[in-house]
Structures are given as structure tokens and as C-alpha cells.
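Next up is one chain by itself, shown in C-alpha cells, the form predicted alone.
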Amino acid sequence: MESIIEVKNLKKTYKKRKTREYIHAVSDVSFHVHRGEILGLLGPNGAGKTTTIKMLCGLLIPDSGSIQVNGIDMRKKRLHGLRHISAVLEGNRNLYWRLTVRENLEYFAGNRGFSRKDVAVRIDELLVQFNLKEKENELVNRLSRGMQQKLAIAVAMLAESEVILLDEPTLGLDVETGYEVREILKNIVRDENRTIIISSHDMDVVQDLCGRTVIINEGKIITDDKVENLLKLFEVRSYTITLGGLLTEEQQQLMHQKFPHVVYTPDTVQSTLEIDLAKSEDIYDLFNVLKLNHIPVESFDRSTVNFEQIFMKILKGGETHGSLAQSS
């Protein structure tokens, strides 16, 4: 597939205030974004994700490395490159609240060099597409959060840029509006061949929308793979085991030594273990611990996992899955 964004060996360091220490916010980050895909760019707070996003948008200049947007080097031709990417950062803050819905669209079109006449038809199309036509003359500060968020995305769409970067596009929305925004984004990619990069802490949104995810932690990429591959990978690993008794203290200690992320729920009738078996031979270690006190196994079931569980497991385990990305 053709790449519309290429990020290579990106680095960014900050100096701490009042000290001589340096923080390596981003360390040698490389990834690509395919044309026409929805990519999830994820990471916990302080992981380097926001710094990466700001460098993609041209708000920060990297110390080293390169970013190419549609073949344009952002370090050499930043303004030219920015014509190909639009961003909605921090929810809906890129709006003027004392202007109406239509005035916001006209104002930001003007910032991009378009006259009202040039964009009048396109604005009407966007108002209909985002279900904002009835509110076109309403001041933004009187709109619901959901409508404000839809308007912010519509403003990004107006620029006709190939890439749209969305930071928390469904944050604070009610369930109905959240689903509406998801469907709009899917339609944008399907019908207009746009490319969308989403940064979100809502893992349901990521699982529903994104074909692939890049996860950053401690300034480095620890995962770059298809969501489908990660779901399959962790579905195979994750099991729920029902026991006909309680584990002894010794067994619990051994279990946590061999499987640090195991979750044990004791019960005098039926205890449960939620466990990941990364390798097939791990099952022997599991049963060796269980047979110490002859604990009967009543059921051994593969667990159903969602992307939030996968995200947390990857962060806790510090695992990397770049090899899978190479084959996808």
C-alpha cells in the first residue's frame, strides 16, 4: 500500500526547568501511514505521543529525524507540507465560540486562502454531512459538546487536505453522538479516500475505527500492528481457568513469579485464574503449580479480549510486536 506519511528516526529532547537534566520525549520513532487508512496513535500520558503529534502537525520541530507528508519534507518545506494535513487538537478548541457555525467554516476557509464564494457549496455539503444545517446560524458557545466536536471535524474537512489528525474525537460525547461521529469518520475514509490518524484513550473507538495501531511508550514505539492481528494474538494467549478449591500461599507466590500479570480470584467453592500463556510450554509450569496441592481444574476456557485489555497488557509487559507489522 502507498504511504502518505513517513516518519523516520524522530527524536525530541526537552531540558527540565531549573535543572540541567534532559527529558528524551521521543527517541528514534519511525512509522508510516498508508493512504486511505485510519491509524490509531496511542500511548499513556507522558509517553511521547503528544510530542509526536505536534511534530506531525508542524507545531514542534524535531531535534533529528524526518517527517514526509505526501512526499514533502516537513523540515525543508513545512508550510507546503501543512497543506496536506489538518488537525483537530484537544477536542474542539480550534473553534471561535462567538461566531456561528457557518461563520466558523467561512473564517477557517479564509485562513486557507479560499473566498466565501469558492467554498459556499462545500460548506453547505458539510453542514448536511455533519447534521449541522439546522444550527448553521447558532453561536458555537450555545451548541452541545457533540455538535461542537462535529463542527471542529467539519472545519478540518473543509481544507480538503488528504490527512486529518484527530485528538480525542469522541471525548465527552454521549453514546449516540459518539457513534454518529464514528460513522462520519468511516464514511470520510470510504467515500473520499482521506487518511485519518486518531489519538484516543477510548479503546472502543480504536477497536471500531482503526485498522492499525502504533503504540508509543517511554518515547519509543513498542507496537505497530493491525488491530485484527493483536486481537487474535492475545485471544490465543488469554485464558480463564476455574478451580475447584483455593490456592495455598505458596502456590499464589509461585504463580505470580511465573506469570506476573495473573489475576487470581479466590472462592471456597470455585476460584478463578485469568492468565496469559505466551508460549505453549507455559501450560506445564501452570499445572506444576496447581498439582502442588492437587487443585482440580474444572474448566479451561479461552478468554474474550477487547482492545483496552490488549493496550494495558502491552504497556505492562513492555512487549514489542514490530515483527508482526512487517508481515502485515
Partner chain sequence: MVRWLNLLKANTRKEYIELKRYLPNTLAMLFTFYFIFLGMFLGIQVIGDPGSQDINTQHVIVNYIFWFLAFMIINSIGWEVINEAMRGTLEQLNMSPMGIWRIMTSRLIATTLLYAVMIVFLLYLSMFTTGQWLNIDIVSIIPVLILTLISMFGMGFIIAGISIVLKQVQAFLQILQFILAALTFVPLSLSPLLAYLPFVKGVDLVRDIMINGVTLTQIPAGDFLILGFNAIFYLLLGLGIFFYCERVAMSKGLMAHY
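On a predicted model such as this, the values are computed, not experimentally measured, just so you know. Positions refer to the first chain, counted from 1.
Below: the form predicted in complex with the partner chain, not depicted.
With a 4.5 Å cutoff on heavy atoms, residue 179 does not count as touching the partner chain in the predicted complex; it lies far away.
Interface membership of residue 85, defined by any non-hydrogen atom within 4.5 Å of the partner chain in the predicted complex, is confirmed. Within this chain, residue 61 lines the site of the partner chain in the predicted complex, having a heavy atom no more than 4.5 Å away. In the predicted complex, the partner chain lies farther than 4.5 Å from every heavy atom of residue 71. Three-residue candidate spot 12, 79 and 110; every residue lies within 4.5 angstroms of the partner chain in the predicted complex by at least one non-hydrogen atom. Only one of 98-106, 192-200, 143-151, 128-136 lies within 4.5 Å of the partner chain in the predicted complex by heavy atoms, and it is 98-106. The contact residue chosen from 254, 184, 89, 222 relative to the partner chain in the predicted complex is 89, the criterion being a non-hydrogen atom within 4.5 angstroms.
When the partner chain is considered in the predicted complex, only one residue from 250, 118, 204, 228 comes within 4.5 Å through any heavy atom, namely 118.
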